[in-house]
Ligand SMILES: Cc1cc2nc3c(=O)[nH]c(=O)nc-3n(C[C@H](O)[C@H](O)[C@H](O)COP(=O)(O)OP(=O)(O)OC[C@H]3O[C@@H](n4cnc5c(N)ncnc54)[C@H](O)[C@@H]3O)c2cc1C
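Presented below, as structure tokens, is a lone chain in the form predicted alone.
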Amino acid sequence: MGNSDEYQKLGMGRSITRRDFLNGVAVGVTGAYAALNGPNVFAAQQPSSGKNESSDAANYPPLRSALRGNYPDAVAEFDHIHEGKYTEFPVADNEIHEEYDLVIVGAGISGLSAAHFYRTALGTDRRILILDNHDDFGGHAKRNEFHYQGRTFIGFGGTMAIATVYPYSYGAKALLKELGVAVERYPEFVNHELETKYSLASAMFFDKEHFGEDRVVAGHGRLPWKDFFAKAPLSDAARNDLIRLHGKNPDYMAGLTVEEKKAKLAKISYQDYLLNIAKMDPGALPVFLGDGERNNKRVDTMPALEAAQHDAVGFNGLGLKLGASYNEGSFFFHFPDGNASIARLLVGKLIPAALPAQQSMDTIVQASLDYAKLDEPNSRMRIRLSSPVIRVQHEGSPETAAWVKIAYRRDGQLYAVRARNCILACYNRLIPSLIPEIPSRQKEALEYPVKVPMMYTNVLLKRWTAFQKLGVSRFSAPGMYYPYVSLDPGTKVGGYEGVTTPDQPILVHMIANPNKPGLARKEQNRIGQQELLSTTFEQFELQIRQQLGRMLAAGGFDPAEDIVAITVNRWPYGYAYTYDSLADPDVPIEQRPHIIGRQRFGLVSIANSDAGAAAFTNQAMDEANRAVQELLVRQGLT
């Protein structure tokens, strides 16, 4: 874990007093010792922004810092569930005192959307309860909030954008419109001030472990590739091959037809293509280590054909005629807190008392949300947080039962409710253990995918002069734990202004996909999950401080003085698994595991992005709509 001198130099273990934090002087950090001694380093501090003045992190979850995402308490029951601890329903029937028309397991985008679709179909008089294992709603759409020196800094701790490589369905478009979100307005809110006012650009950080020395090379994607790679610590052979691949390539597969090329590229990895077909020098491979598309498809696990479809380097001489692809940017939009604002807008529709007045994209970012209103006894729509569901069971035969009962744990106690319908908007691999009565074929299908481990970390800096001195706003760091590091200027939606002058605070966003090169993609995901689950906040903090210290050293960055706060959003169960031509069998759509796995079982329907095999917000909405429709059809209501 490092010696004491290194700890002191990096600022590990520092603590700050409440007075120091509020006044913005003698600034310390979210020290490892504070993180180890409690769930939240900001728990004792009142926000100073003028909003939520009566709340602190104890009753306003976005303020909670240190280890977030799937934090330990949120997933503490998962192993018990998988091990069959609750095979027998753990609550006696005479101890069940609550009944609902619908109980939804999971308060992410899919679960919240399901509640909205159900109420739209049957009316607001229906009694609905949403149970979630986290202390905040939104699932992967996580809001991180920091109050410092009289200002509020908002970052996204998970799902960032309303974006897709496929056109939105009518239902998803209609829901966004109903929520007051117009994605076509995004150009009004994009904040390019960092790049324009301070002439900042992208850079690549070449680390000594992979390239022989630590070196920052600015101008990534802006300089001519020959000039850019001339500054990199590479061998002549590696440098020349990278320049060749980034330019106009010859046909490395001459003699094959277009269809033969596509068939071959579908069955080899991008790494195999670069090394064995494009004949790239192996010394250039580390440049591609951090590259990866959605779902942890890296250079060694991404099919070469898929890389070509994403305009990766090295294919422009093959004449593949891939055709125009759907423009994801046409549906690209994000709030400062990512899709957490979508979740907040949904909560505003479901429980109007939780938010003031009618909310829209122009107001939701800075709206105060009252968490105490989410689970009021007299409300017909309730969201109960910190309540992991541990067992779901029909009362009688699944196809004839009138009720299904749902057991959950809260504050160390076991409880249960009854429902006429249930929607599981949790993740697929948990479902066979939650409801073990489902058919074995469906169990196997639900257990097939392995969700993608993700890390979304927000670091509040006291100043960002080091970035300015280097002329950099974002880093690609292919050999480092966090391959993507960028200043967060803040999307200017609803009056939020995140960008500052270099001598003032700013958020830095860091993204990582833990993986083990050389293994199959699902195996890499499993190992990454275990890595995230077994790593302490102190270890994450040390990694962050070391990486930022190395990358920004030439700009005069001091990890001990410049880092104010750290929030690590770990998602061992992150993105939904998607199929590819290397790792998955080519079978008809109706035989795909997600189709088999999402079949309704009695009174229980399944809604989540896993059920659509796509890690997109619109997919979560569409699966929620489908799940509700299945229940309505069963009841003869459509």
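What you see is a predicted model; the values in this text were computed from it and never measured. Sequential numbering from 1, following the sequence displayed.
Separately, the form predicted in complex with this ligand exists; it is not shown, and the next lines address it.
- Here the marked residues F78, G574 and A615 all reach this ligand in the predicted complex, each with a heavy atom within 4.5 angstroms.
- When this ligand is considered in the predicted complex, only one residue from V472, A304, C422, A107 comes within 4.5 Å through any heavy atom, namely A107.
- This chain is drawn without this ligand; in the predicted complex, the residue among V91, I268, M160, L320 with a heavy atom within 4.5 Å of it is M160.
- For T491, no non-hydrogen atom is located within 4.5 Å of this ligand in the predicted complex, even though that partner is not displayed.
- Under a 4.5 angstroms non-hydrogen atom cutoff, this ligand in the predicted complex has S387 among its neighbouring residues.
- Residue contact with this ligand in the predicted complex: R382 places no heavy atom within 4.5 Å of it.
- Although the partner is absent here, P336 sits far enough away that none of its heavy atoms falls within 4.5 Å of this ligand in the predicted complex.
- Residues placing heavy atoms within 4.5 Å of this ligand in the predicted complex fall in a single listed stretch, namely 425-433, out of 425-433, 536-544, 214-222, 473-481.
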